[in-house]
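For reference, the chain that follows is the form predicted on its own, supplied as C-alpha cells.
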C-alpha cells in the first residue's frame, strides 16, 4: 500500500507523536514528583498532590516504553547506538525511575514521618533526574554524538559519559526540568484546591518566565554557535538501508538556513513560545493553560525534529556515519507490518486512556483523601 519512502516518513511522524505524548503526559508526572516536597507542607497535602496522578502515572510511563520499543523495531541502528553508547546515562534514568513505583506504592504504608519524608524525596529524585538527563540527551542530539560505523555497520561510541555533560547539553537539561515543573504546576492548579492550588499558581508565575528566557537563550545559542551537517550525495529515499551510502559535509548551512529553506517549519518554534507564553498568561483557566502548555511542549519537540530532519543521529566523529530516517530504518516489510499492528491497537489504548481520565477526573481534596484512607495513596 505504501512505498518504502512513504512508510519511512509515516514512521518518522508517528514516533514524533509518541515522543510528544510522552513529554506531555509524563512531563506533568515528573513535574509533580519534583514539586512534591516544596508545594506540600503537610503529610495530608503531599498525599493530595500524589493522588492527582496516582491513578494514571503508570499508564503515562508506558509512553516511554512504547517510544523505546518503536525505535528498536523501526530504527535498529539508532537504538543500538543510543543504548550502547549512552548506557551509563540510560541506567541513571532507569535507577531514578525505580523510586517512582516504590514511592507511590509504599510511602503511605507506614504512618512514620521519617519513612514518608524519605519516600517524598525519592519521588523528587524520580521526578527531577529523568527530565534533566533526557534534556541532556536532546542537547547532544543537536550537537551530535561521537560515534562511527565500521564496514559491517557495527556502531562504536567514541566518547564518554562525562563528555555528554557539556555546557549546552546541561543547559538543555535545565530546560527539560523547568518544562516538567511548569507542566506539573499547571496540572496541580487544575486538579487541587485551597493552599496547594495557590502555591501551584505561584510556581507557574515563577517557572513560566524562567522557562521562556532559557528557551530563548538556547535558540540563540543554536543559531549563533552550533553548526548543522549537510548531505551532499545519497543513495535515495527508497534504497535499502545503509548509512554509509551517503556523503555528509560537517559544516553545512546552519540551523537558521535549514528553517529558512523550509519556511513552514517556523510554525514549530512559534507554537513553542506562543503556547508556553500563553499558558503562563492565562490565570484563572487552568484547563486552557494546560492545553496551551501541551501545545508549547509539542512545538518544542517539533522544532527539534524539523531542525534535525532528515537526521536522526548526527556523528561528530565521522559525519558519513550519521543516521537518517532514509538509511537507518528496518525493512519495508517490517515497517508495513508494524504500521498495521499500530493502526489496530493504538486507538484501543487511546480510548481506554481517555476513559480512565474521564472516570477519575475531578479535584483531589483533603476531605476525599481522608475518606479513602485505604484506597488512595
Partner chain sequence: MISGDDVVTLSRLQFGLTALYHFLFVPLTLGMTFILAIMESVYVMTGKEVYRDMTKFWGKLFGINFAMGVTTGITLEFQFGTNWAYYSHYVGDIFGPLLASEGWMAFFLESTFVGLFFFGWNRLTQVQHLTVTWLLALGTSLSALWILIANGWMQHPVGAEFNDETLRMEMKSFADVFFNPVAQVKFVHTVAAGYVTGSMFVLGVSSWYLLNKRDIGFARRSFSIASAFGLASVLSVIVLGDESGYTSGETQKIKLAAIEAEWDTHKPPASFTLIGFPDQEREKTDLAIKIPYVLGLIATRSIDEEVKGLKELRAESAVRIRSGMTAYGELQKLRSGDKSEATRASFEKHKADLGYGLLLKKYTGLVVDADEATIQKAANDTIPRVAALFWTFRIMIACGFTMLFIFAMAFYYCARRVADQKRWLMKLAVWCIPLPWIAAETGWFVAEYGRQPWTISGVLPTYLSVSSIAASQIWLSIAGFLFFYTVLLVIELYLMFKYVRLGPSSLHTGRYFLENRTVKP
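Positions refer to the first chain, counted from 1. Keep in mind that what you see is a predicted model, and the values were worked out from it rather than measured.
Heads up, the form predicted together with the partner chain isn't pictured, but that's what we're talking about next.
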Q) If you check in the predicted complex, do 115, 337 and 361 all have a non-hydrogen atom within 4.5 Å of the partner chain? A) yes
Q | One stretch from 248-256, 107-115, 261-269, 201-209 that, in the predicted complex, holds residues within 4.5 Å of the partner chain by heavy atom | A | 107-115
Q) Of the residues 197, 237, 84, 166, which one places a heavy atom within 4.5 Å of the partner chain in the predicted complex? A) 84
(Q) Between 223, 285, 278, 90, only one gets a heavy atom within 4.5 angstroms of the partner chain in the predicted complex; which residue is that? (A) 90
Q: May I ask you to check whether residue 10 falls inside a 4.5 Å heavy atom distance of the partner chain in the predicted complex?
A: no
Q: Look up in the predicted complex whether residue 40 has a non-hydrogen atom within 4.5 angstroms of the partner chain, and give yes or no.
A: no
(Q) Taking the partner chain as it sits in the predicted complex, is residue 274 near enough to touch it, meaning that at least one heavy atom pair lies within 4.5 angstroms? (A) no
Q) Is residue 294 a contact residue for the partner chain in the predicted complex, using a 4.5 Å heavy atom cut-off? A) no
Q. Considering only 80-101, what residues come within 4.5 Å of the partner chain in the predicted complex, judged by heavy atoms?
A. 80, 83, 84, 87, 90, 91, 93, 94, 95, 97, 98, 99, 101
